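First, one chain by itself in structure tokens, the form predicted on its own.
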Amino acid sequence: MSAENMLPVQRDDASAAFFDAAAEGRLLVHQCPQGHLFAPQISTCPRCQSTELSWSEASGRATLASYAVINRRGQSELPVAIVELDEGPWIRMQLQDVSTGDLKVGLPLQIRFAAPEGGEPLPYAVPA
């Protein structure tokens, strides 16, 4: 597990439950009263526009939906992705422990967590 390419993120009241669960290795997503699930950083349901949200625990299983490889001068390549959780929401996160040559849409993934120095634990994905 590596947090070397992650920037530290600080919690606020709205994100505290997400980061408490992340510290326990659990991924939470937002859920509206109609049962729509969506990414944790979104504060309004994109389908019904509700702002009455609760947290729902995701399985931590996902599939690679899209990706890009960032080439940084003098540093290693950094793959970033849009992953589709088994529960449906799409979330942006880093990919680790995978060669960029092995990346392909549909790759099964598992969500893990790492905490960059001075920040909260953040999800990243590895091949399942």
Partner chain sequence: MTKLDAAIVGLGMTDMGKVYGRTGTQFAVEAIGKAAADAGLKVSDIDGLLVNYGLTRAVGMPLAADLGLRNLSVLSEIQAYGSSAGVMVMQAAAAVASGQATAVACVFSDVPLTEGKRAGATYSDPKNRLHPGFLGMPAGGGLLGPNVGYALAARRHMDKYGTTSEQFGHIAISTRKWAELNPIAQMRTPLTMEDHQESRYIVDPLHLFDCCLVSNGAIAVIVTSGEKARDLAKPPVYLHGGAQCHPGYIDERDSEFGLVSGAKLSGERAFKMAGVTVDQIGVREIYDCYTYTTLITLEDYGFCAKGEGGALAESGALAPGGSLPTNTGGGQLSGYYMWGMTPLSEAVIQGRGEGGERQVADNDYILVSGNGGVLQHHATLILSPHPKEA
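Just so you know, these numbers come straight off a predicted model, no measurement behind them. Numbering follows the first chain given and starts at 1.
From this point on, the text means the form predicted in complex with its partner chain, which you will not see here.
Student: Although its partner chain is absent from this view, report whether residue 92 comes within 4.5 Å of it in the model of the complex, heavy atoms only.
Tutor: Residue 92: yes, in contact with its partner chain in the model of the complex.
Student: At the 4.5 Å heavy atom threshold, is residue 110 in contact with its partner chain in the model of the complex?
Tutor: Close contact is absent here: in the model of the complex, residue 110 is far from its partner chain, nothing within 4.5 Å, heavy atoms only.
Student: Could you tell me if residue 7 has a non-hydrogen atom within 4.5 Å of its partner chain in the model of the complex?
Tutor: Taking the distances in the model of the complex, the answer for residue 7 is yes, it comes within 4.5 Å of its partner chain.
Student: State yes or no: in the model of the complex, is some non-hydrogen atom of residue 82 no more than 4.5 angstroms from a non-hydrogen atom of its partner chain?
Tutor: Although its partner chain is absent here, residue 82 would touch it in the model of the complex, with heavy atoms inside 4.5 Å.
Student: If you check 54, 34, 71, 99 against its partner chain in the model of the complex, which one has a heavy atom within 4.5 Å?
Tutor: Selected option: 71.
Student: Does anything in 113-128 come within 4.5 Å of its partner chain in the model of the complex by heavy atoms, and if so which residues, in order?
Tutor: If the 4.5 Å heavy-atom criterion is applied to its partner chain in the model of the complex, 113-128 yields 122, 123.
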